[in-house]
Ligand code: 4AD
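Next up: just one chain, as structure tokens, the form predicted alone.
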Amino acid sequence: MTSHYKSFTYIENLHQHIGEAVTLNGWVFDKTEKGKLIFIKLRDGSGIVQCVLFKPNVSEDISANAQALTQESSVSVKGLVRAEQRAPGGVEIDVQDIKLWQVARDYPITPKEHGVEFLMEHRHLWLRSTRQHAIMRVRAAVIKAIRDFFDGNGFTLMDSPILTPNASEGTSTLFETQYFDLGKAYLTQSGQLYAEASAMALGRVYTFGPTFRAEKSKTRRHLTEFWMVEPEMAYFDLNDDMDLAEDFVEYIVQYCLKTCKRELAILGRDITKLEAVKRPFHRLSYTEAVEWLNANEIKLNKRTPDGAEVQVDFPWGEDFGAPQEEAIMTQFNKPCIIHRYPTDVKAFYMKRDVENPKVVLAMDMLAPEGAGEIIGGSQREDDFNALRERVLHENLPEHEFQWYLDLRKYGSVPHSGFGLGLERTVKWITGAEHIREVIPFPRMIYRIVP
């Protein structure tokens, strides 16, 4: 998009204006003085450029304005764009004028090391750092890739409600609120159930928005509020679902490699590991994964009745935790899909395998490099009686799920879908150590501010 209607220029477009006088608006990232020269690093959200002021070339007032600048002072700089291969972005600004908007005093985040708690308390300012800026740009690229992929492949965006009358997963990890005179309402754990209704109307749909889990978890992978994209497809079986998930993740990663080279370089990301993320991905059944764990002596910690902790072979029927997922992924350099999980560890709406009712037609995609699960999905139960039996088995209120059961009474078809966690995906692509870094304002069990 052109910016001819702007009275100023963005740093990312400076290479188009070499030899021209421009006005930049931004904040001081850093400033140093050397004799008659003042070097100002200016950031504007699109990039950073070095602005060089030579005192004899400007008035005393302009020179005084430059000397008054501090970290994060807001300023407008007018100057000549000059090619300089040694400078970031290949350009510098010869300063002609400076206008002060505000001189920042005692900016709390300085170049020295700060503890995580301090940075989280100042998250509203920490976002301005080079690393956080790069991560947020990658996050925006992942979001664009998600929308482009589905919009370009015949999907319709259908928004699911955030306030719901019941749990989509059949669990107790819900945030609840009083909904007028109608009783309890809950913040959604997933947009999936409503996406299934939308898919029966439009064939291929996706929902994309915030979801909430009241899990008391403190791991590097958990947030209480996070974003999830959930496609749902009529007439898709489990194999179709897994194929789509592979196409989707490959597209996201390759899009980021193409559009976020600068950001990934700032983050020090080894892009050769991301370049390997191309179809086909690896696939293991749950049973094969359990066999691999036991063959490689990956033990499970268990407590005996008297409270002692012992290590045992991983039992068939137990759900995988982070240690098992990370162990499985040590053998792969690109994602792996684990499929056909035990019925008892998965959600009520997942379809049982007709060839083995002990497992459901579910799949999880695990990413390499310790990233863990980024996708969970399944073929959905499309038989009315089988789904109703599962609702009752899980002690869910049948009347609240009547509309969901209705989908199996009026033109029911095989259908499938999955959910991809945005923050876990961004964490993997950026190589961030903790998930709190990849969402602008993280919500965790011990934090709800700023």
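This is a predicted model, so every value here is computed, not measured. Numbers follow the displayed sequence, beginning with 1.
Another form, the form predicted in complex with the named molecule, is not on view; read the next lines as being about it.
The shortest heavy atom separation between residue 26 and the named molecule in the model of the complex exceeds 4.5 Å. For the chain shown alone, residue 215 is a contact residue for the named molecule in the model of the complex, at least one non-hydrogen atom being within 4.5 angstroms. None of the heavy atoms of residue 314 is located within 4.5 Å of the named molecule in the model of the complex.
Among residues of the shown chain, residue 373 is one whose heavy atoms approach the named molecule to within 4.5 Å in the model of the complex. Only one segment in the set 336-344, 109-117, 190-198, 152-160 has residues whose heavy atoms sit within 4.5 Å of the named molecule in the model of the complex; it is 190-198. Distance criterion of 4.5 Å from any heavy atom to the named molecule in the model of the complex singles out 230 from the list 263, 92, 230, 246.
Distance criterion of 4.5 Å from any heavy atom to the named molecule in the model of the complex singles out 349 from the list 349, 281, 320, 208.
Every member of the trio 380, 419 and 435 reaches the named molecule in the model of the complex with some non-hydrogen atom inside 4.5 Å.
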